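Heads up, the chain below is alone and in the form predicted on its own; it's given as structure tokens.
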């Protein structure tokens, strides 16, 4: 069997190595249009900011790894045509035949339609990151206050740049956080200047809004990504694919590394005629911005409203240890549906965020309710964990809200 994989990122490379792990005879070819073997795109802002010392450190595989696993790697080549009828791929000066075709080409940055926006930088590849890494002592505007925009903004501040981030929605990280949690994060990110103003026009090195004019040396677009129409009969995985969100069952884009790797494995299993793993897509997301770790899982309140899901929620500000040992903060928000099942969680802190997010992911998958979360048997040590975990305390607050609503309802009957 001949398998051709277009795209050498996380999904495509995972698919290739998974195939090779299960079958030593399959003829596997990866076609990658850049000169890079698989690396971690999520790490690019941290290399730019100096938290990771070198781009080489974020490589997952070297060319030697592909060779040792008998995977034919073609770099710096772009596919010109796919002939589905004859199962052929045409490159610049040659053709390849295939039995199975996998497309893992990733997504394209979304560029907003702003009058005068003609010159800008993006952060998608190592080559993009190397251009941005050279910026020092400059005035930089970033359009988009999602994960990439905020991570990149902090990285560029570390290189003595003046940075302003623009967001056209009414809060930062709009796909992750509710407005109240985003406001908490903004208070903590005192060193990052964020403007929620609509951009009217860009005139050479001047950005114009209704309120003000801002001068800049460079502008960077970080407004998310878009997907092209997926029309042919190939197997798709990674950022060029859609997923089904578990709670709303909506078809959405997911640009998480975890999703890409799981899809790559599942595509390999399909090719091998093996059962695929059904893993709930809960958009369990986490990022580090300045000194803070921010994460969310499940859906936020806006998504619930847009899908006609009634919710009740609460927010709690606690600490990660006994308060007399350390005052390091942890802010937790929990969102439940009208059946009192957990459907979303958001956490902000300096440490101890990832484990709690994963706990909430399990809780959502198992449809745990308010009482389940309130009564979790949590550990305690003054230097390691508070006697009342912020998640259980937050669940108790929600329970009190529910009980108050029930009392009011019964009193008004």
Partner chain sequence: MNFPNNLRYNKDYSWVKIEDDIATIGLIEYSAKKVEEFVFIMLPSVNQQLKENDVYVTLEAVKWSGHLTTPVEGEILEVNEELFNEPSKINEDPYDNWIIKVRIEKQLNLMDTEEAKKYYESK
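Everything numeric in this text was worked out from a predicted model, so none of it was measured. Positions refer to the first chain, counted from 1.
As for the form predicted in complex with the partner chain, it is not shown, yet the points below apply to it.
In the predicted bound form, the partner chain sits within 4.5 Å of a heavy atom belonging to residue 187. In the predicted bound form, the partner chain sits within 4.5 Å of a heavy atom belonging to residue 316. A residue is said to contact a partner when one of its heavy atoms sits within 4.5 Å of a partner heavy atom; residue 401 meets this definition for the partner chain in the predicted bound form. The partner chain is not shown here, but in the predicted bound form it comes within 4.5 Å of a heavy atom of residue 180. Here the chain stands by itself, but in the predicted bound form one stretch of 307 to 315, 131 to 139, 82 to 90, 243 to 251, 307 to 315, has heavy atoms within 4.5 Å of the partner chain. Shown here without the partner chain, the chain has only 393 in 376 to 394 lying with a heavy atom within 4.5 Å of that partner in the predicted bound form.
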